[in-house]
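Only one chain comes next, encoded as C-alpha coordinates, the form predicted alone.
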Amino acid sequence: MKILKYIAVLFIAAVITQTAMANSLTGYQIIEKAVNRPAPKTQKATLTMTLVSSSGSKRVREIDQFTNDDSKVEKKIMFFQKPADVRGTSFMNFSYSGDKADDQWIYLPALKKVKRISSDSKGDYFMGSDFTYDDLGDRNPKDDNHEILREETLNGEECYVVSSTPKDKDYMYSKTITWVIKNKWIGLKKIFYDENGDLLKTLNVIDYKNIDGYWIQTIVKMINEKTKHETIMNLSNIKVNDSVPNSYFSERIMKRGIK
(Lines give C-alpha, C1' and ligand atoms only; values in the text may rest on other atoms or scores of the structure.)
Protein backbone atom coordinates (compact mmCIF):
# COMPACT_ATOMS: atom_id res chain seq x y z
CA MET A 1 0.00 0.00 0.00
CA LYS A 2 2.85 2.38 0.85
CA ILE A 3 4.42 1.71 -2.56
CA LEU A 4 1.10 2.41 -4.31
CA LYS A 5 0.68 5.67 -2.37
CA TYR A 6 4.24 6.67 -3.24
CA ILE A 7 3.61 5.95 -6.93
CA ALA A 8 0.36 7.94 -6.77
CA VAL A 9 2.17 10.93 -5.20
CA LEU A 10 4.84 10.80 -7.92
CA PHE A 11 2.16 10.62 -10.61
CA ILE A 12 0.27 13.63 -9.20
CA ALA A 13 3.51 15.59 -8.87
CA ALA A 14 4.39 14.79 -12.49
CA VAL A 15 0.96 15.92 -13.70
CA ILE A 16 1.25 19.19 -11.76
CA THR A 17 4.75 19.81 -13.14
CA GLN A 18 3.65 19.10 -16.72
CA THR A 19 0.60 21.35 -16.33
CA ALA A 20 2.76 24.17 -14.96
CA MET A 21 5.21 23.76 -17.84
CA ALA A 22 2.37 23.73 -20.36
CA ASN A 23 0.94 26.93 -18.87
CA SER A 24 4.28 28.75 -18.72
CA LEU A 25 5.06 31.20 -21.50
CA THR A 26 8.31 32.67 -22.74
CA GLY A 27 8.83 36.42 -23.09
CA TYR A 28 8.73 36.02 -26.85
CA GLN A 29 5.36 34.20 -26.72
CA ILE A 30 3.85 36.91 -24.52
CA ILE A 31 4.90 39.73 -26.86
CA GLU A 32 3.79 37.67 -29.88
CA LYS A 33 0.34 37.19 -28.33
CA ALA A 34 0.09 40.93 -27.67
CA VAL A 35 1.08 41.83 -31.24
CA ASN A 36 -1.19 39.18 -32.79
CA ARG A 37 -4.22 39.34 -30.50
CA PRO A 38 -7.54 38.98 -32.38
CA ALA A 39 -8.41 42.11 -34.35
CA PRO A 40 -11.37 43.03 -36.54
CA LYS A 41 -11.00 42.70 -40.29
CA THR A 42 -11.86 46.37 -40.71
CA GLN A 43 -12.14 49.38 -38.44
CA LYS A 44 -13.31 52.98 -38.80
CA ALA A 45 -12.70 55.58 -36.10
CA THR A 46 -12.13 59.22 -35.30
CA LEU A 47 -8.68 59.80 -33.81
CA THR A 48 -8.18 62.90 -31.70
CA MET A 49 -4.51 63.69 -31.17
CA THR A 50 -3.76 66.18 -28.41
CA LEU A 51 -0.24 67.60 -28.09
CA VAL A 52 0.55 69.00 -24.64
CA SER A 53 3.66 71.12 -24.07
CA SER A 54 5.66 71.14 -20.83
CA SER A 55 3.91 74.41 -19.93
CA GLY A 56 0.48 72.83 -20.40
CA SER A 57 -0.54 74.48 -23.68
CA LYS A 58 -2.48 72.20 -26.03
CA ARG A 59 -2.86 71.64 -29.75
CA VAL A 60 -5.66 69.34 -30.92
CA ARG A 61 -5.82 67.51 -34.24
CA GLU A 62 -8.78 65.51 -35.55
CA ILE A 63 -8.15 62.56 -37.87
CA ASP A 64 -10.29 60.04 -39.75
CA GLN A 65 -8.71 56.60 -39.52
CA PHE A 66 -9.44 53.44 -41.53
CA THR A 67 -7.97 49.95 -41.16
CA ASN A 68 -8.24 46.80 -43.27
CA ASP A 69 -6.59 43.55 -42.10
CA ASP A 70 -6.67 40.44 -44.30
CA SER A 71 -4.34 38.49 -41.92
CA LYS A 72 -1.42 38.89 -44.35
CA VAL A 73 -1.15 42.67 -44.23
CA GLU A 74 -2.79 45.25 -41.99
CA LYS A 75 -3.40 48.47 -43.92
CA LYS A 76 -4.04 51.71 -42.06
CA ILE A 77 -4.67 55.18 -43.46
CA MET A 78 -5.20 58.49 -41.63
CA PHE A 79 -6.67 61.71 -42.99
CA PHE A 80 -6.11 64.92 -41.00
CA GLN A 81 -9.31 67.03 -40.93
CA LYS A 82 -8.63 69.72 -38.29
CA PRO A 83 -7.19 72.28 -37.73
CA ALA A 84 -6.86 74.04 -41.06
CA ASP A 85 -3.05 74.09 -41.08
CA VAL A 86 -2.84 70.27 -41.22
CA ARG A 87 -6.05 69.55 -43.14
CA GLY A 88 -5.36 67.38 -46.20
CA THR A 89 -2.31 65.69 -44.68
CA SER A 90 -2.52 61.89 -44.79
CA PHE A 91 -0.46 58.96 -43.55
CA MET A 92 -0.54 55.30 -44.62
CA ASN A 93 1.04 52.24 -42.97
CA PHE A 94 1.24 48.61 -44.15
CA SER A 95 2.22 46.04 -41.48
CA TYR A 96 2.99 42.55 -42.75
CA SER A 97 2.47 39.21 -41.00
CA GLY A 98 5.87 37.85 -42.08
CA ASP A 99 9.36 39.22 -41.56
CA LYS A 100 8.97 42.09 -44.02
CA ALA A 101 9.38 45.56 -42.46
CA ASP A 102 6.45 48.00 -42.43
CA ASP A 103 5.90 50.25 -45.43
CA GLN A 104 4.90 53.85 -44.65
CA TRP A 105 3.96 56.94 -46.66
CA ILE A 106 2.99 60.52 -45.84
CA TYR A 107 1.29 63.13 -48.01
CA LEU A 108 1.88 66.82 -47.26
CA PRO A 109 -0.44 69.15 -49.24
CA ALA A 110 2.17 71.94 -49.35
CA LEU A 111 4.53 69.64 -51.27
CA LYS A 112 1.73 68.06 -53.33
CA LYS A 113 3.52 64.72 -53.34
CA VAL A 114 3.47 61.44 -51.45
CA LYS A 115 6.72 60.72 -49.63
CA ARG A 116 7.76 57.20 -48.69
CA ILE A 117 9.19 56.98 -45.17
CA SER A 118 12.67 55.48 -45.45
CA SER A 119 14.14 53.16 -42.83
CA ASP A 120 16.51 55.98 -41.82
CA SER A 121 13.56 58.30 -41.13
CA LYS A 122 11.49 55.97 -38.96
CA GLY A 123 13.06 57.46 -35.85
CA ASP A 124 11.61 60.88 -36.75
CA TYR A 125 8.63 62.12 -34.79
CA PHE A 126 5.21 62.02 -36.46
CA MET A 127 3.50 65.38 -37.00
CA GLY A 128 4.97 67.00 -33.89
CA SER A 129 3.83 64.17 -31.62
CA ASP A 130 5.86 62.00 -29.23
CA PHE A 131 5.34 58.95 -31.45
CA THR A 132 8.00 58.12 -34.00
CA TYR A 133 7.02 56.65 -37.36
CA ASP A 134 8.37 53.35 -36.06
CA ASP A 135 6.05 53.54 -33.02
CA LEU A 136 3.06 53.74 -35.37
CA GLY A 137 3.86 50.40 -36.99
CA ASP A 138 3.94 46.86 -35.60
CA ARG A 139 7.41 45.78 -34.53
CA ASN A 140 8.10 42.12 -35.31
CA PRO A 141 8.72 40.16 -32.06
CA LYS A 142 11.56 38.35 -33.86
CA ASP A 143 13.52 41.62 -33.99
CA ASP A 144 14.12 41.55 -30.23
CA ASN A 145 15.29 39.26 -27.45
CA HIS A 146 12.57 39.02 -24.79
CA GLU A 147 12.86 38.22 -21.10
CA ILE A 148 10.12 37.92 -18.47
CA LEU A 149 11.11 40.14 -15.56
CA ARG A 150 8.21 39.44 -13.22
CA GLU A 151 4.44 39.31 -12.84
CA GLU A 152 2.63 42.16 -11.11
CA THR A 153 -0.68 43.97 -10.82
CA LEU A 154 -1.04 47.28 -12.66
CA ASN A 155 -4.26 49.31 -12.57
CA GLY A 156 -6.07 46.28 -11.17
CA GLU A 157 -4.91 43.97 -13.97
CA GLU A 158 -2.58 40.98 -13.60
CA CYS A 159 0.30 41.56 -16.00
CA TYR A 160 3.44 39.98 -17.35
CA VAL A 161 6.37 42.42 -17.38
CA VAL A 162 8.67 41.73 -20.33
CA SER A 163 12.01 43.33 -21.23
CA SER A 164 12.78 43.50 -24.97
CA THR A 165 16.28 44.20 -26.29
CA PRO A 166 16.79 44.80 -30.03
CA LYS A 167 19.01 42.42 -31.96
CA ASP A 168 20.04 45.37 -34.13
CA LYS A 169 22.46 47.37 -31.98
CA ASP A 170 21.79 50.49 -34.08
CA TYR A 171 18.04 50.53 -33.30
CA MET A 172 16.72 53.80 -31.84
CA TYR A 173 15.76 52.20 -28.52
CA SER A 174 18.28 50.23 -26.48
CA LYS A 175 15.49 48.50 -24.54
CA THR A 176 11.75 48.56 -23.92
CA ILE A 177 9.78 47.17 -20.99
CA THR A 178 6.15 46.19 -21.58
CA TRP A 179 3.31 45.35 -19.18
CA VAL A 180 0.95 42.86 -20.90
CA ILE A 181 -2.42 41.96 -19.37
CA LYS A 182 -2.78 38.21 -18.87
CA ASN A 183 -5.44 36.55 -21.04
CA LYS A 184 -6.46 39.84 -22.70
CA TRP A 185 -2.98 40.29 -24.23
CA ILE A 186 -3.24 44.09 -24.18
CA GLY A 187 -0.09 46.12 -23.69
CA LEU A 188 -1.02 48.31 -20.71
CA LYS A 189 2.24 50.23 -20.33
CA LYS A 190 5.56 50.50 -22.15
CA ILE A 191 8.82 52.19 -21.20
CA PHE A 192 11.38 53.20 -23.84
CA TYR A 193 15.11 53.68 -23.24
CA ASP A 194 17.30 55.65 -25.62
CA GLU A 195 20.51 54.50 -27.29
CA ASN A 196 22.50 55.35 -24.16
CA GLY A 197 20.23 53.30 -21.91
CA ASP A 198 18.55 56.37 -20.37
CA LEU A 199 14.79 56.61 -19.80
CA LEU A 200 13.26 58.36 -22.83
CA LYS A 201 9.48 57.83 -23.03
CA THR A 202 6.58 56.20 -21.20
CA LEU A 203 3.43 54.96 -22.94
CA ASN A 204 0.35 54.48 -20.74
CA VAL A 205 -2.91 52.95 -21.92
CA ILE A 206 -5.53 55.07 -20.19
CA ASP A 207 -8.58 53.18 -21.45
CA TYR A 208 -9.46 50.13 -23.54
CA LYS A 209 -12.75 48.54 -24.51
CA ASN A 210 -14.12 45.24 -25.71
CA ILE A 211 -15.94 46.09 -28.94
CA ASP A 212 -17.78 43.17 -30.54
CA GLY A 213 -15.35 40.72 -28.93
CA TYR A 214 -12.14 42.63 -29.78
CA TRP A 215 -9.97 44.35 -27.17
CA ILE A 216 -9.11 47.80 -28.49
CA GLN A 217 -6.93 50.46 -26.85
CA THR A 218 -9.04 53.62 -27.01
CA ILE A 219 -6.96 56.21 -25.11
CA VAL A 220 -3.16 56.17 -24.89
CA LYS A 221 -0.71 58.75 -23.60
CA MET A 222 2.94 59.00 -24.61
CA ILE A 223 5.17 61.09 -22.35
CA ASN A 224 8.66 62.23 -23.31
CA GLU A 225 10.39 61.99 -19.94
CA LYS A 226 13.17 64.38 -21.01
CA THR A 227 11.13 67.23 -22.52
CA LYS A 228 7.91 66.55 -20.54
CA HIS A 229 5.96 66.92 -23.78
CA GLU A 230 2.89 64.64 -24.02
CA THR A 231 0.75 63.19 -26.80
CA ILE A 232 -2.71 61.79 -26.10
CA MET A 233 -4.39 59.61 -28.74
CA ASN A 234 -8.14 59.12 -28.29
CA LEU A 235 -10.13 56.77 -30.55
CA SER A 236 -13.88 57.39 -30.74
CA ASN A 237 -16.81 56.55 -33.03
CA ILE A 238 -15.27 53.10 -33.49
CA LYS A 239 -16.97 50.76 -35.95
CA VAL A 240 -15.57 47.28 -36.53
CA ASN A 241 -16.09 44.90 -39.46
CA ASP A 242 -17.84 47.61 -41.44
CA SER A 243 -17.09 48.29 -45.10
CA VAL A 244 -13.50 49.55 -45.65
CA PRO A 245 -12.53 48.58 -49.21
CA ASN A 246 -8.95 47.97 -50.31
CA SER A 247 -9.30 50.84 -52.77
CA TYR A 248 -8.97 53.25 -49.80
CA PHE A 249 -5.29 52.37 -49.44
CA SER A 250 -3.39 53.99 -52.30
CA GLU A 251 -1.27 57.05 -53.01
CA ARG A 252 -4.08 58.45 -55.17
CA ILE A 253 -6.52 58.33 -52.23
CA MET A 254 -3.88 59.86 -49.95
CA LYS A 255 -3.81 62.90 -52.21
CA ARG A 256 -7.53 63.38 -52.79
CA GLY A 257 -9.05 61.86 -49.63
CA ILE A 258 -12.19 59.74 -49.40
CA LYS A 259 -15.14 61.46 -51.02
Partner chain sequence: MKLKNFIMAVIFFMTANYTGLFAQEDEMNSEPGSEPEIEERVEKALLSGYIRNYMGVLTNGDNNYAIIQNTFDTKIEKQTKNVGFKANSVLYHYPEKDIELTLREAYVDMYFKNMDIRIGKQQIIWGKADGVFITDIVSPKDMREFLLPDFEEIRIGVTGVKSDLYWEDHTLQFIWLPVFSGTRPPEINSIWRPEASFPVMPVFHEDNEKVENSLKNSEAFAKYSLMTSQIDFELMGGYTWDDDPVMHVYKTINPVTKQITALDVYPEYHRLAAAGGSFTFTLGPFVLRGEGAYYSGKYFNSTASELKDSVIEKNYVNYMTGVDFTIWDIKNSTQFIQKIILDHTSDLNDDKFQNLATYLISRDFLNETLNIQFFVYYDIDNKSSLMRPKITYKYADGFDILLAANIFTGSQGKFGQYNDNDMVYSKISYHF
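We call the rigid core whatever largest set of C-alpha positions still superposes within 1.5 Å between the two forms. Positions refer to the first chain, counted from 1. All values reported here derive from a predicted model rather than from experimental measurement.
Below: the form predicted in complex with the partner chain, not depicted.
- For the three marked residues, 41, 173 and 206, no heavy atom of any sits within 4.5 Å of the partner chain in the predicted complex.
- Comparing 181-189, 162-170, 141-149, 117-125 against the partner chain in the predicted complex, the single stretch with non-hydrogen atoms within 4.5 angstroms of it is 117-125.
- Although the partner is absent from this view, residue 78 stays clear of the partner chain in the predicted complex, with no non-hydrogen atom inside 4.5 angstroms.
- Although the partner is absent here, residue 98 sits far enough away that none of its heavy atoms falls within 4.5 Å of the partner chain in the predicted complex.
- At the 4.5 Å threshold, heavy atoms of residue 236 reach the partner chain in the predicted complex.
- Contact annotation: residue 200 falls outside 4.5 Å of the partner chain in the predicted complex, judged by heavy atom distances.
- For the options 64, 69, 194, 32, the residue carrying a heavy atom within 4.5 angstroms of the partner chain in the predicted complex is 64.
- Along 180-199, not one residue places a heavy atom within 4.5 Å of the partner chain in the predicted complex.
- Superposed on the core, the two forms differ at residue 115: its CA moves 2 Å or more between the shown form and the other one.
- Residue 92 shows a C-alpha shift of 2 Å or greater between the shown form and the other one [criterion: core-superposed Cα displacement of 2 Å].
- After superposition on the rigid core, the Cα atom of residue 250 is displaced by 2 Å or more between the shown form and the other one.
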